[in-house]
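Encoded as structure tokens, the following chain is the form predicted alone, with no partner shown.
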Amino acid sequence: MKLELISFKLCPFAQRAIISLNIQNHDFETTYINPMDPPDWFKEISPNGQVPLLKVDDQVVFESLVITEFIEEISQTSFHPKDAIQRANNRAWIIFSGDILGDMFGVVTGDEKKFNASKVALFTKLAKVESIKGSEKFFNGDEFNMIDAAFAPIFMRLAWINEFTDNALSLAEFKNLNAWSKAILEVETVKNSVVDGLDDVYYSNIEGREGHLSTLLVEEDY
């Protein structure tokens, strides 16, 4: 079975798939495209015109959640916890995390009014996760599961933003999330799920968006 993941370098949803593929020991290729000017071959095979997209031999699997669940189904070991209720709970919070990424997009791209509204929405959602997240190392305990992979792109981008600014989105008020974030970002598979220098690309992306967040950037070289 030949697997090819098609996306762009900054895509957080593709990062989740890359973590899953690596954790579950699959050989795969990665092809990056320009989402602002996708090639014709991509338009022909992508039903919704969005990334990520997983080619499985000559077949196409699309929608990020479906891709990670497909990876789960073809793997010899599960990336979800064993308990059925816990698995369902994890899947629900994974879906919830997609809305968090939506708020972060507003933070990065919005003018001051949109930035403030998106930050409030973001921190409201983070507070809900904090309220149910215990003091365990990862979401379910000591084992790194798919839900941890789902939150990895969120925590990585929050860490970058806080590094680039004077902690504009600090997690200090969220004791459990802050510890969870640090634990996730120390996982080698998470560290290796992005291309080298992606933090620089993210910094440039913030600058290029010319939103309110770009005015908060610290004047240093990244």
Ligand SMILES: N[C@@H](CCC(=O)N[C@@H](CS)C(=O)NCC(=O)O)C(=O)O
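What you see is a predicted model; the values in this text were computed from it and never measured. Residue numbers run from 1 along the displayed sequence.
The discussion below concerns the form predicted together with this ligand, not included here.
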This ligand in the predicted bound form reached by all of 102, 118 and 211, non-hydrogen atom within 4.5 Å: no
Which of 63-71, 158-166, 24-32, 176-184 lines the interface with this ligand in the predicted bound form (heavy atom within 4.5 Å): 63-71
Distance check, residue 51 to this ligand in the predicted bound form, heavy atom within 4.5 Å: yes
Touches this ligand in the predicted bound form: residue 11 (any heavy atom, 4.5 Å): yes
Any non-hydrogen atom of residue 36 within 4.5 angstroms of this ligand in the predicted bound form: yes
